[in-house]
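Quick setup: one chain, the form predicted alone, written in C-alpha coordinates, and binding and motion questions come after.
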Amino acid sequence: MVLRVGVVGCGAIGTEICNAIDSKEELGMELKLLIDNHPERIEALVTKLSKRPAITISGSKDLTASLDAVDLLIECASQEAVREFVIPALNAGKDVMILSVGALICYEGLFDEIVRIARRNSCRVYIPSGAIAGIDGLKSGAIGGIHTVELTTRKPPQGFEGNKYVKEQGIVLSRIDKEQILFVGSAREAVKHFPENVNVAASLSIAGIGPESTKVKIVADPGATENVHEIEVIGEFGRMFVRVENVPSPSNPRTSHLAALSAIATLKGIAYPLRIGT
(Lines give C-alpha, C1' and ligand atoms only; values in the text may rest on other atoms or scores of the structure.)
Protein backbone atom coordinates (compact mmCIF):
# COMPACT_ATOMS: atom_id res chain seq x y z
CA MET A 1 0.00 0.00 0.00
CA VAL A 2 1.38 3.39 -1.02
CA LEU A 3 1.20 6.04 1.71
CA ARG A 4 -0.12 9.33 0.34
CA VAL A 5 1.74 12.31 1.78
CA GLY A 6 1.15 16.04 1.98
CA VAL A 7 3.85 18.55 2.93
CA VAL A 8 3.28 22.00 4.43
CA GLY A 9 6.25 24.27 3.80
CA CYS A 10 8.56 24.33 0.78
CA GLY A 11 11.68 25.66 2.48
CA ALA A 12 15.00 23.90 3.00
CA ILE A 13 13.68 21.03 5.12
CA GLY A 14 10.47 20.64 3.13
CA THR A 15 12.47 20.41 -0.08
CA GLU A 16 14.69 17.64 1.28
CA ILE A 17 11.69 15.68 2.55
CA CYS A 18 9.89 16.00 -0.78
CA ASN A 19 12.98 14.94 -2.71
CA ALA A 20 13.28 11.85 -0.51
CA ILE A 21 9.63 10.88 -1.03
CA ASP A 22 10.02 11.49 -4.75
CA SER A 23 13.23 9.51 -5.21
CA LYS A 24 13.32 6.75 -2.56
CA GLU A 25 11.04 3.95 -3.73
CA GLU A 26 11.75 1.95 -0.56
CA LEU A 27 9.69 4.48 1.42
CA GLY A 28 6.57 3.36 -0.45
CA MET A 29 5.17 6.89 -0.40
CA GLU A 30 3.73 9.29 -2.95
CA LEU A 31 3.74 13.08 -2.66
CA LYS A 32 0.14 14.13 -3.34
CA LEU A 33 -0.14 17.59 -1.78
CA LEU A 34 2.12 20.63 -1.45
CA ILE A 35 1.20 23.69 0.63
CA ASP A 36 3.03 26.98 1.00
CA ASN A 37 1.89 30.57 1.44
CA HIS A 38 4.24 31.55 -1.38
CA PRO A 39 3.25 29.98 -4.74
CA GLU A 40 6.70 30.69 -6.19
CA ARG A 41 8.25 28.39 -3.58
CA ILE A 42 5.91 25.61 -4.59
CA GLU A 43 6.85 26.00 -8.24
CA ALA A 44 10.56 26.12 -7.44
CA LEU A 45 10.25 22.86 -5.53
CA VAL A 46 8.11 21.15 -8.16
CA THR A 47 10.82 21.69 -10.79
CA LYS A 48 13.13 19.47 -8.70
CA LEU A 49 10.68 16.56 -8.58
CA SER A 50 10.22 13.78 -11.11
CA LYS A 51 6.44 13.84 -10.59
CA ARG A 52 4.29 16.87 -9.85
CA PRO A 53 1.97 16.46 -6.83
CA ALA A 54 -1.69 16.22 -7.75
CA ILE A 55 -2.65 19.19 -5.55
CA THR A 56 -0.82 22.42 -4.73
CA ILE A 57 -2.41 25.15 -2.63
CA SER A 58 -1.39 28.43 -1.01
CA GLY A 59 -2.66 28.82 2.53
CA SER A 60 -5.37 26.83 4.27
CA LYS A 61 -8.44 28.03 2.34
CA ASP A 62 -8.87 24.78 0.40
CA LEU A 63 -7.28 22.54 3.01
CA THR A 64 -10.34 20.52 4.06
CA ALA A 65 -11.07 19.21 0.58
CA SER A 66 -7.39 18.65 -0.15
CA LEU A 67 -6.89 16.46 2.91
CA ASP A 68 -8.96 13.72 1.28
CA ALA A 69 -5.96 13.05 -0.97
CA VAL A 70 -3.47 12.23 1.84
CA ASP A 71 -2.90 9.76 4.67
CA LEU A 72 -0.07 11.69 6.34
CA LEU A 73 0.47 15.46 6.56
CA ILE A 74 3.98 16.73 7.33
CA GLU A 75 4.35 20.21 8.81
CA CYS A 76 7.74 21.87 8.23
CA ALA A 77 6.73 25.50 7.86
CA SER A 78 6.42 27.43 11.14
CA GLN A 79 5.01 27.34 14.65
CA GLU A 80 1.88 29.11 13.41
CA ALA A 81 1.38 26.42 10.79
CA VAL A 82 0.99 23.74 13.46
CA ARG A 83 -2.39 25.04 14.59
CA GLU A 84 -3.44 26.15 11.10
CA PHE A 85 -2.77 22.83 9.38
CA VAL A 86 -2.14 20.06 11.91
CA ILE A 87 -5.38 20.48 13.88
CA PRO A 88 -7.60 20.27 10.74
CA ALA A 89 -5.62 17.24 9.53
CA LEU A 90 -6.15 15.42 12.83
CA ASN A 91 -9.83 16.34 12.82
CA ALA A 92 -10.00 14.75 9.38
CA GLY A 93 -8.50 11.54 10.75
CA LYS A 94 -5.06 11.99 9.20
CA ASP A 95 -1.71 11.12 10.73
CA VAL A 96 0.68 14.06 11.09
CA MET A 97 4.37 14.78 11.50
CA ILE A 98 5.37 17.99 13.31
CA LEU A 99 8.77 19.59 12.78
CA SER A 100 7.99 23.01 14.29
CA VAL A 101 7.71 21.26 17.63
CA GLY A 102 8.35 24.51 19.51
CA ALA A 103 4.69 25.37 18.93
CA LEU A 104 3.69 22.58 21.31
CA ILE A 105 5.22 24.40 24.27
CA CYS A 106 4.72 27.99 23.07
CA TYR A 107 0.97 27.95 22.61
CA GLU A 108 -0.94 27.17 25.78
CA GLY A 109 -3.18 24.15 25.46
CA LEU A 110 -2.03 23.18 21.95
CA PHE A 111 -0.14 20.05 23.02
CA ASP A 112 -3.11 18.73 25.00
CA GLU A 113 -5.48 19.57 22.14
CA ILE A 114 -3.38 17.64 19.65
CA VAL A 115 -3.14 14.61 21.94
CA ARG A 116 -6.89 14.70 22.62
CA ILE A 117 -7.88 14.85 18.93
CA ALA A 118 -5.32 12.20 17.96
CA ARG A 119 -6.68 9.82 20.59
CA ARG A 120 -10.27 10.47 19.58
CA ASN A 121 -9.59 9.81 15.90
CA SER A 122 -6.94 7.07 16.38
CA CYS A 123 -4.29 9.18 14.62
CA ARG A 124 -0.52 9.05 14.97
CA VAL A 125 1.53 12.17 15.73
CA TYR A 126 5.19 11.85 14.78
CA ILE A 127 7.87 14.18 16.18
CA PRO A 128 11.36 13.47 14.76
CA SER A 129 14.39 13.79 17.02
CA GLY A 130 15.64 16.65 14.85
CA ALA A 131 19.21 17.92 15.09
CA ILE A 132 20.09 16.07 18.31
CA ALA A 133 20.78 12.58 19.63
CA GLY A 134 19.90 11.07 22.98
CA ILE A 135 16.09 11.22 22.87
CA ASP A 136 15.87 7.44 23.36
CA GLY A 137 18.02 7.63 26.49
CA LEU A 138 16.08 10.60 27.82
CA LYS A 139 12.74 8.84 27.36
CA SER A 140 14.07 5.72 29.07
CA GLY A 141 15.57 7.73 31.93
CA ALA A 142 12.26 9.55 32.46
CA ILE A 143 10.64 6.23 33.41
CA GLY A 144 12.93 5.97 36.41
CA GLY A 145 13.05 9.68 37.21
CA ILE A 146 15.11 12.60 35.90
CA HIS A 147 16.50 15.44 38.03
CA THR A 148 17.91 17.89 35.45
CA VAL A 149 18.08 18.39 31.69
CA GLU A 150 20.36 21.09 30.29
CA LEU A 151 20.88 22.01 26.63
CA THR A 152 23.65 24.26 25.33
CA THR A 153 23.31 25.31 21.68
CA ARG A 154 26.31 26.92 19.99
CA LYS A 155 26.19 28.32 16.45
CA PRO A 156 28.08 30.79 14.25
CA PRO A 157 26.66 34.33 14.63
CA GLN A 158 25.19 34.27 11.11
CA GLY A 159 23.00 31.39 12.21
CA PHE A 160 20.99 33.91 14.27
CA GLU A 161 20.49 36.50 11.53
CA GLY A 162 16.99 37.96 11.47
CA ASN A 163 16.19 36.89 15.02
CA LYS A 164 13.89 39.44 16.67
CA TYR A 165 15.08 38.78 20.23
CA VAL A 166 18.72 39.34 19.28
CA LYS A 167 17.83 42.65 17.66
CA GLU A 168 15.79 43.77 20.67
CA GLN A 169 18.77 43.05 22.94
CA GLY A 170 20.89 45.37 20.82
CA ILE A 171 23.25 42.59 19.80
CA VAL A 172 25.06 43.24 16.52
CA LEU A 173 25.97 39.82 15.20
CA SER A 174 28.57 41.10 12.75
CA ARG A 175 30.55 42.59 15.66
CA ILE A 176 30.81 39.43 17.72
CA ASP A 177 34.49 38.48 17.74
CA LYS A 178 34.46 35.96 20.59
CA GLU A 179 32.03 33.51 22.14
CA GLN A 180 28.95 35.37 23.47
CA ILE A 181 25.98 34.03 25.43
CA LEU A 182 22.75 35.24 23.84
CA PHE A 183 20.26 33.60 26.17
CA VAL A 184 19.92 31.54 29.37
CA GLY A 185 16.52 30.33 30.55
CA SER A 186 13.84 27.67 30.29
CA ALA A 187 13.04 25.71 27.16
CA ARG A 188 9.69 27.50 26.92
CA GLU A 189 11.41 30.89 26.86
CA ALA A 190 14.10 29.68 24.45
CA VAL A 191 11.64 28.40 21.90
CA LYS A 192 9.63 31.61 22.17
CA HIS A 193 12.66 33.82 21.48
CA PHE A 194 14.51 31.53 19.06
CA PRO A 195 11.81 29.66 17.08
CA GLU A 196 14.11 29.28 14.07
CA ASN A 197 16.93 27.69 16.03
CA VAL A 198 15.99 25.56 19.02
CA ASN A 199 13.09 23.25 18.25
CA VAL A 200 15.42 20.68 19.83
CA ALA A 201 14.73 22.32 23.20
CA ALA A 202 11.02 21.61 22.77
CA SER A 203 11.64 17.98 21.80
CA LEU A 204 13.86 17.49 24.85
CA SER A 205 11.31 19.04 27.20
CA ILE A 206 8.43 16.93 25.87
CA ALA A 207 10.47 13.73 26.13
CA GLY A 208 11.83 14.62 29.57
CA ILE A 209 10.82 16.89 32.44
CA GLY A 210 8.81 19.64 30.75
CA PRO A 211 9.46 23.07 29.24
CA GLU A 212 9.86 24.97 32.52
CA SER A 213 12.38 22.59 34.09
CA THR A 214 14.47 22.01 30.96
CA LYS A 215 17.26 24.61 30.95
CA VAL A 216 18.73 26.13 27.78
CA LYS A 217 21.81 28.21 27.01
CA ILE A 218 22.27 29.71 23.53
CA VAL A 219 25.72 30.84 22.41
CA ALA A 220 26.97 32.70 19.33
CA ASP A 221 30.53 31.59 18.56
CA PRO A 222 32.44 33.15 15.64
CA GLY A 223 34.93 30.30 15.86
CA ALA A 224 32.25 27.68 15.28
CA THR A 225 31.93 26.09 11.86
CA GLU A 226 29.08 23.81 12.87
CA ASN A 227 25.82 23.96 14.83
CA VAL A 228 26.64 22.26 18.14
CA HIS A 229 24.14 20.90 20.68
CA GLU A 230 25.31 19.61 24.06
CA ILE A 231 22.82 17.80 26.27
CA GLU A 232 23.38 16.81 29.88
CA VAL A 233 20.81 14.68 31.69
CA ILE A 234 21.06 13.61 35.33
CA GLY A 235 18.60 11.18 36.85
CA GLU A 236 18.12 7.99 38.84
CA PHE A 237 19.73 6.07 35.95
CA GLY A 238 22.98 8.08 36.26
CA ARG A 239 24.35 10.80 33.96
CA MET A 240 24.15 11.14 30.19
CA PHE A 241 26.12 13.62 28.10
CA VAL A 242 25.60 13.97 24.35
CA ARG A 243 27.37 16.34 21.97
CA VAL A 244 26.25 16.66 18.35
CA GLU A 245 28.24 18.74 15.86
CA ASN A 246 25.87 19.45 13.00
CA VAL A 247 26.70 20.63 9.52
CA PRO A 248 24.36 23.55 8.70
CA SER A 249 21.81 23.02 5.97
CA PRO A 250 23.35 24.03 2.61
CA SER A 251 20.35 26.23 1.84
CA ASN A 252 19.58 27.57 5.33
CA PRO A 253 22.40 28.12 7.88
CA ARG A 254 19.89 28.68 10.67
CA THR A 255 19.00 24.99 10.71
CA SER A 256 21.01 21.78 10.75
CA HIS A 257 21.18 19.27 7.93
CA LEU A 258 20.45 16.52 10.47
CA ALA A 259 16.98 17.98 11.10
CA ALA A 260 15.84 17.08 7.59
CA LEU A 261 17.59 13.71 7.73
CA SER A 262 15.79 12.96 11.01
CA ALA A 263 12.42 13.59 9.37
CA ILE A 264 13.33 11.31 6.46
CA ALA A 265 14.50 8.63 8.92
CA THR A 266 11.13 8.92 10.68
CA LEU A 267 9.39 8.32 7.35
CA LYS A 268 11.56 5.26 6.83
CA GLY A 269 10.53 4.05 10.28
CA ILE A 270 6.87 4.40 9.33
CA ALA A 271 7.38 2.35 6.17
CA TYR A 272 9.73 -0.31 7.57
CA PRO A 273 8.23 -3.20 9.59
CA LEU A 274 11.18 -3.45 12.03
CA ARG A 275 11.54 -0.73 14.64
CA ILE A 276 14.86 -0.11 16.39
CA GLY A 277 15.14 2.03 19.52
CA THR A 278 12.83 3.09 22.32
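So that there is no doubt, residue numbering starts at 1 and follows the sequence shown. Remember, it's a predicted structure, so these values are computed and weren't measured experimentally.
The same protein also has a form predicted together with a small molecule, omitted here; what follows describes it.
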Given the stretches 117-125, 161-169, 94-102, 184-192, which is the single one in contact with the small molecule in the model of the complex, using a heavy atom cutoff of 4.5 Å? 94-102
Within 4.5 Å, heavy atoms only, which of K217, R52, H38, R243 is in contact with the small molecule in the model of the complex? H38
Which residue among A12, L261, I270, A20 has a heavy atom within 4.5 angstroms of the small molecule in the model of the complex? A12
Does at least one non-hydrogen atom of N199 fall within 4.5 angstroms of the small molecule in the model of the complex? yes
Look up in the model of the complex whether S78 has a non-hydrogen atom within 4.5 angstroms of the small molecule, and give yes or no. yes
Consider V149 of the chain shown here, and say whether it contacts the small molecule in the model of the complex, taking contact as heavy atoms within 4.5 Å. no
Could you confirm whether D71 comes within 4.5 Å of the small molecule in the model of the complex, counting heavy atoms only? no
Since the CA distance of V198 and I105 differs by 3 Å or more in the model of the complex, is it closer or farther than in the form displayed? closer
Per the comparison in the model of the complex, the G109 and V198 C-alpha atoms (change 3 Å or more) are positioned closer
